[in-house]
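The chain below stands alone and is given in C-alpha cells; this is the form predicted alone.
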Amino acid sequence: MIASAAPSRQTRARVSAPSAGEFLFCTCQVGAESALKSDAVAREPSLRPAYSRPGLVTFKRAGPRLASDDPEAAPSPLARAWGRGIGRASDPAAAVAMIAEATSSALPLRLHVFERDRWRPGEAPADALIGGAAALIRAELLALWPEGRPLLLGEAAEPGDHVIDVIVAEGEPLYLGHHRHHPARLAWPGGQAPLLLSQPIPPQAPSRAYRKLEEAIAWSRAPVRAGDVALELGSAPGGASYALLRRGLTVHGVDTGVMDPVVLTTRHASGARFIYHNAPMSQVQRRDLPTALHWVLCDVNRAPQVALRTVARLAAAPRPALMGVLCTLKLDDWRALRHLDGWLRMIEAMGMVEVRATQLPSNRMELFAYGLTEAGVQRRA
C-alpha cells in the first residue's frame, strides 16, 4: 500500500470535521517554500498559506480536513518537520508560558529545539556553527521549566510522544508548535537524522551520497543487515556503496563513472566487498547479478520514470530474498512533484507493500522514495 509522506490527491472525497482556526507549520529546505505551499494546497485544498520565513511555512486550515489513514501525515513530501502551530514567543520565558497554556499540565512532553535551515544542502560555510543557538535556547527552556511539569528525558522521540517543537532563527521570535510522534517521522529535532547532528561523514567517504544513504535508512527504517547483497545503480564515485560496505553488505555497483579506490579496496570483516559493473544500467542483465539480491538502490541523473523502469526490471520476481528498493528521484524543477503519486505507484507495482517518499535533509532538487516487500516489513518488525 502506498503510504506517501502526504495524502494522495485521490483521497479528497473523504473529509472530517473542520478545526476552526487551526494553524499548521512545516519546515523545509531553503528555497523550497513556494513549492511546498503549492503542493500542500493541491493535496489539501482547505489549507491557506500564512506566515513564512526561509525554511519555515505555516498554513491556516480554512475548511474540512481530509481524512486519511495517518492523521499526522505530512502536508507535502517537502516537509521535514510539521505539526500544529502554537505561535511566536519573544523569549524562552514567554515560550514556556505559551506551551503551558497550549498543553495539558499532566501530559508528558518531549522537547525538540532546532534551527531552521539557513543554507541549501551542502552550501553551508565551512566555519558555520549549526546547532549552537538551539542548544542555548534548549538550556534556557529547561532552566525555566515549571517544577512538577512532566518532561521526557532525551530528544529521540518514541511513537506516541507528544512533542513540542521550538524553531530557532537568529534575530527572530521563537516559533512554537507541537506534534504526536509517529514511526513515519525521523525521531530527532527538526526531522534531522542523528548523523547530521553528531556524526561527521568519514573523511575517506567519496561523496555526499554516504550521508544521503544514512539519512535514507534512518528515515525509512529499512532493515539493512550485514550479510545482505545490494545492487546500486549509479554507484560512482561510491559514497553510498561505501556506507553499505561499512555496514557489512556486499555491493554490486553499476556505473560508467570512476569508482573511488577506497570503495574498490574496502573489505569488511564479514568478507563483504564491492563488485564493479562498468556499464550503463540499461545494459546490465539479471544474469549478471546474484539471485539472492536483498536491496536495489538507484541514484542516477535520469528522469524518475526511466530510472524506475530499470529498477523494476532488475528487481522483478523471482527475487525471494528481496527486502526492498531505495531510490533517489531527481526533479527537473519543483513542478515535477505532480508526478510523485505515479512514481510511487511504479514502486508499488514492483511487489512492494509499503511505499513512501520525502525530501531528506541532504537532498537537493530531489526526493527519496523507498518500497519494502512483505519480507522487508516482517524483518523490520
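Position 1 is the first residue in the sequence shown; the rest follow in order. In this text the structure is predicted, and so the values were computed from the model without any measurement.
One more form of this protein should be noted, the form predicted in complex with a small molecule, which is absent from this view; the next part is about it.
With the partner omitted here, the stretch from 127 to 135, 295 to 303, 143 to 151, 86 to 94 that lies within 4.5 Å of the small molecule by heavy atoms in the predicted bound form is 295 to 303. Put simply, of P290, G271, G122, G257 only one has a heavy atom within 4.5 Å of the small molecule in the predicted bound form, and it is G257. Checking G227, P200, P280, G160 for any heavy atom within 4.5 Å of the small molecule in the predicted bound form turns up a single hit: P280.
Of the heavy atoms in G239, some are within 4.5 Å of the small molecule in the predicted bound form. Though the partner is left out of this view, S76 does not reach within 4.5 Å of the small molecule in the predicted bound form, counting heavy atoms only. Remark: K330 counts among the residues lining the small molecule in the predicted bound form, judged by a heavy atom distance of 4.5 Å or less. Residue contact with the small molecule in the predicted bound form: G190 places no heavy atom within 4.5 Å of it.
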